[in-house]
Structure formats: structure tokens, C-alpha cells
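Take a look at this single chain in C-alpha cells; it is the form predicted on its own.
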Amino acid sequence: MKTSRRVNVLEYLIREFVPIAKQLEAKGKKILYLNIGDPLRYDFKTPKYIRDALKDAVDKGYNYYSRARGIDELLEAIVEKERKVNNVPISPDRVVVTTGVSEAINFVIAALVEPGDKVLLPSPTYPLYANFTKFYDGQPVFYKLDEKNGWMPDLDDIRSKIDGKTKMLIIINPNNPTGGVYEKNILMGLLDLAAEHNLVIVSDEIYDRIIFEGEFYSTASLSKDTVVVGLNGFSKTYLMTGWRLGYVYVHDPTDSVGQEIYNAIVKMAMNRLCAPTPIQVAAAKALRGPQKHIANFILKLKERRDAVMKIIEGSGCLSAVKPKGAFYVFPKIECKGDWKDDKEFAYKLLIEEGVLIVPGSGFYAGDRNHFRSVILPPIEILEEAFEKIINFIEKYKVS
């Protein structure tokens, strides 16, 4: 029996080396995990008031199916949050609760992409956008994020890649994997391009409250004539990764096709029934409860980012744009080495040094000289891991 062609296009390098790491660990080798953006794998915990809200929801009987688009309490809390935090004017009847942002990505691309449609994706990008575009027979078209300009989108490069088949422009801000936070003028330029060519913008803002410097602008808050489909969730800011809850909203300033897009997303949601009801109840409490943990979370992350940047800047073999948001760094290897490409580099590093990172090609980076590391572990673990990475590069570099 043959498996389907569509499944064979799916790639996810972020997890590909994990089975190898587990095998090495079982044999007694110490592994330093820098691959997955899960704060709860390190020294962060879900805030107690959110944990208590989930227990209370279960005990009070919120264990049934909800509506496909989500419970009223959560939809209203999401609208309040987006208005207050991101200045986005949406209503509950344009929001759908999803099982994580991953499901939201699937829903949006399924709802909008026909075979042959082109989807503009940043390079580097979060791989699920390319995966689902190919899964639904769309064509990923990658636009440049300019490393020399803080990983900002290159507007001229985007403009040159738009044609009659282009349907959608994806923005990931703050960016995964680079940590870039887009400037207001860049976002305005992206909105102008989308309006000129009648494109829908999909703006992934899951890291919207994890900002170290500068100001975050939600794409929808700046849009006057462009449809923006916003994606967000609870995994990162609210430390609820394993709870798997996100949301998607449709912001349509001119009230043109927003209802049609929203209805299509709801159809996708109906076909998976609903997101977990007790977790939705807890998520509403998360949004409306004390937010003190966020400042502490950002403070810790900033200290860890600064420690990593200090190591990189003094290494002589690595460089990196200082991330302004999210919890990743995307270093460039500044010398040639005895490895075929970034994937072989990551494999050899894991086998020899016990450090698990993600090769840049897993994010459709334009070259094979980058890798992604989280900045989530305590500073002593980050220092140990990056010392091993630097030693490995020095050992195998060639002139």
C-alpha cells in the first residue's frame, strides 16, 4: 500500500533529530536540548492561577463539547485582549478558537489556497506554513528577510515575486526563527503591497507580548483596506504549550470578503468538533487574570539572550542579529567546516557534543550556514552548550 503523496511533502526538522538524541541519552550521553521552543521543558511553570482555573473547570463540569468556534467567555476575552494589548478592533463573531496555532495555520491555508495558488512566505520561515501550502497543492514562494537589516522583510524582493497567482502574504512577527520584531514602516509597506495586489495577509503573532526592545505593532491594527487574518495563542506568553490552545481572527476593514473567509475557517473547525472545553474556560481566566508572570518571564529571557549574545560576539566563528522578541537566536557560522551542509553540522554536533540545535534549512533559510537555538535554558546550560558548539566548529573548521 502506498501512503498519500500529500503526507510525503511534510517536513519538520525541529523534531527530526529528537529520536537520535533520545537513543544517545538512553546510552548515558548527556544531551543539551536547544531545539524546541517549549519554556516548560526548562525552568518555567504555568502560572498557578491558570492551573487552578483548569482544575476548577473540570470539577465544575465543563467537560462537554463546545461550539466549533469556541465558548463565548473565551471569544469575548480574546476580543478584549486584542483591543487592549494590540489595538485590534475585532468582534467575537470573527474569532475561532483552535487547538494551538498549528491548527489555525492548517485551517487558514485550507480555507484560502486552491491548487496552483502562490503563497508568499518569509525566508527563513516557520516550516508549517510551507508544509500546509504544499499539502493543499499551493506553491510556496519565499521572500527575503534581510539579515543585514535586522531580519526585516525585503519589500522590493516581495514586490518582484508577486504575480497573478499570488493569493496570500504570510508575516511572522515577532519572528520565528530570527527573533526579529518588525518596524511600523515595514508593516505599512507590507500592507500597501497587499492592498495593491489584492492579497490576504496572514499575521502570526504568537510572540506578541515577548518583546525585549522597541515596540510591537499588530498588523491588523495598522490596516485600513487590507484583510488581515491574525493568528495567536496561549502556548508561549501564558506558558501553556502542552494545553494546545490558540485562535484565529479575521479583520476586514472594508467588510468585503471577511465574512466569507471566516465562514470557511468555521467549516474547518466544525469538522474537528471543538477545542478542549475546560482548557477554553481556563484560557479565558488566563487572559482576564493577573498578568504579573509576563514581566518576570521577559526579564529572565532577556538575561539569557544577553548571555548568549555575549558568547556569540566573542566566539570569532559565530555571528547573530540580536533578537528583539520571541525566544530564539539564529546564529550564522562564519567559517567553512568539515561538514557538507547545516543538517550534517547539526547531526555531527549532536553525536559528538550532545547538543541538539535545528539546522537553518529546516526553516527554509536561503543559505546553509545558520542554525536556530532557543534561549530558554538557564544561563549555565546555555553557556555549556555554546562552548561545545564553538569548540566543535573550531575542531572542524577548514581554511
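Note that residue numbering follows the sequence shown and begins at 1. Values in this document were obtained by computation on a predicted structure and should not be read as measured data.
Another form exists, predicted together with a small molecule; not displayed. Remarks below refer to it.
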Contact stretch among 278-286, 102-110, 82-90, 135-143 - heavy atom within 4.5 Å of the small molecule in the predicted complex: 102-110
Complete contact of Y126, D204 and S235 with the small molecule in the predicted complex (any heavy atom, 4.5 Å): yes
In the predicted complex, I172 touching the small molecule (heavy atom, 4.5 Å): yes
Partner contact for Y328 in the predicted complex: the small molecule, 4.5 angstroms, heavy atom: yes
Distance check, R244 to the small molecule in the predicted complex, heavy atom within 4.5 Å: yes
In the predicted complex, T219 touching the small molecule (heavy atom, 4.5 Å): no
